[in-house]
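Form predicted on its own, single chain, as structure tokens, below.
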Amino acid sequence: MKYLKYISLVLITTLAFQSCKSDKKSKDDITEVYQCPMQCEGDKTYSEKGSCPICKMDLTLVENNSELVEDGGISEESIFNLTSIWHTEEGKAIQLKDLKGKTLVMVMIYTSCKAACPRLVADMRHIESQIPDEKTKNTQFVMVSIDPETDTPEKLKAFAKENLMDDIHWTFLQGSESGVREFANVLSVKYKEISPIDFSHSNIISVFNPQGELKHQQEGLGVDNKDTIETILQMTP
């Protein structure tokens, strides 16, 4: 009898362990979502890494819930945690979290720049031109001014029209001095005012996933945009 009690206890313990393990596995299975970058099967997603059964390209990670914090659904690394208020070229007040849900391609410029910024603008326009229309609707190209005193919403809107960047997938942002400085620190962009309307600054284009997490940076002028474009294509549904 004592022996039978021992056997029962072992069986109950084993079943309980397997049940916990099974529950954990189910929870883990839904933390990552993969999808073919070419969307050969439409919106079909996979819970594990692998390759597309049709085009054979590697599946790309489109969602990682395991990194999400419980409140708000964004990770600690997301720029959507920044609470600064920005004004668009249309004069609308927003926070960065209002851009959630789209791939973000962001660069810091100032409109009176006659040297580096026109080349950054050209790079952004070239990148935008390489993104198919079906992905462009899920991508937002954002120009952040490092000269908020000069670059008012009205000035930014005029600049957008002048450079043919006034479609809905383009956004220009004017922030406060502290907000701009905070955002620049996140992107590792260095800038310094060298005269009332002139700045020295880093030349960096950054790509964020729809959850606001930094995924790629392109630094320099006249560099090959291939990796940046590829990152956008892989990440954007």
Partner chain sequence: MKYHAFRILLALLVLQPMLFAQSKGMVSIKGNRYIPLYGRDSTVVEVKDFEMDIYPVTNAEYVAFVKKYPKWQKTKSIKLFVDDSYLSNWKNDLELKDSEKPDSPVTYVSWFAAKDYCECQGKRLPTVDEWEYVAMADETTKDARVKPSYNKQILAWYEAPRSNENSIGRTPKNAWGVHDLHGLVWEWTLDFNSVLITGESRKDVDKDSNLFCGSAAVNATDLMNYAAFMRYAIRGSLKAKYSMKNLGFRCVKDINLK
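Given the structure is predicted, the values throughout are model-derived calculations rather than measurements. Numbering follows the first chain given and starts at 1.
Just so it is clear, the following notes concern the form predicted together with the partner chain, a form of the same protein that is not shown.
For Pro196, a non-hydrogen atom is located within 4.5 Å of the partner chain in the predicted complex, even though that partner is not displayed. Shown alone here, Leu164 lies farther than 4.5 Å from the partner chain in the predicted complex, counting heavy atoms only. The partner chain in the predicted complex is not approached by Val121, whose heavy atoms all lie more than 4.5 angstroms from it. At the 4.5 Å threshold, heavy atoms of Asp58 stay clear of the partner chain in the predicted complex, well away from it. Contact with the partner chain in the predicted complex, defined as a heavy atom within 4.5 Å, is made by all three of Ser178, Glu182 and Leu221. Only one segment in the set 73-81, 97-105, 122-130, 136-144 has any non-hydrogen atom within 4.5 angstroms of the partner chain in the predicted complex, and it is 73-81. If you take 182-216 and check each residue for a heavy atom within 4.5 Å of the partner chain in the predicted complex, you get Glu182, Ala184, Asn185, Val186, Ser188, Val189, Lys190, Tyr191, Lys192, Glu193, Ile194, Ser195, Pro196, Asp198, Phe199, Ser200, His201, Ser202, Asn203, in sequence order.
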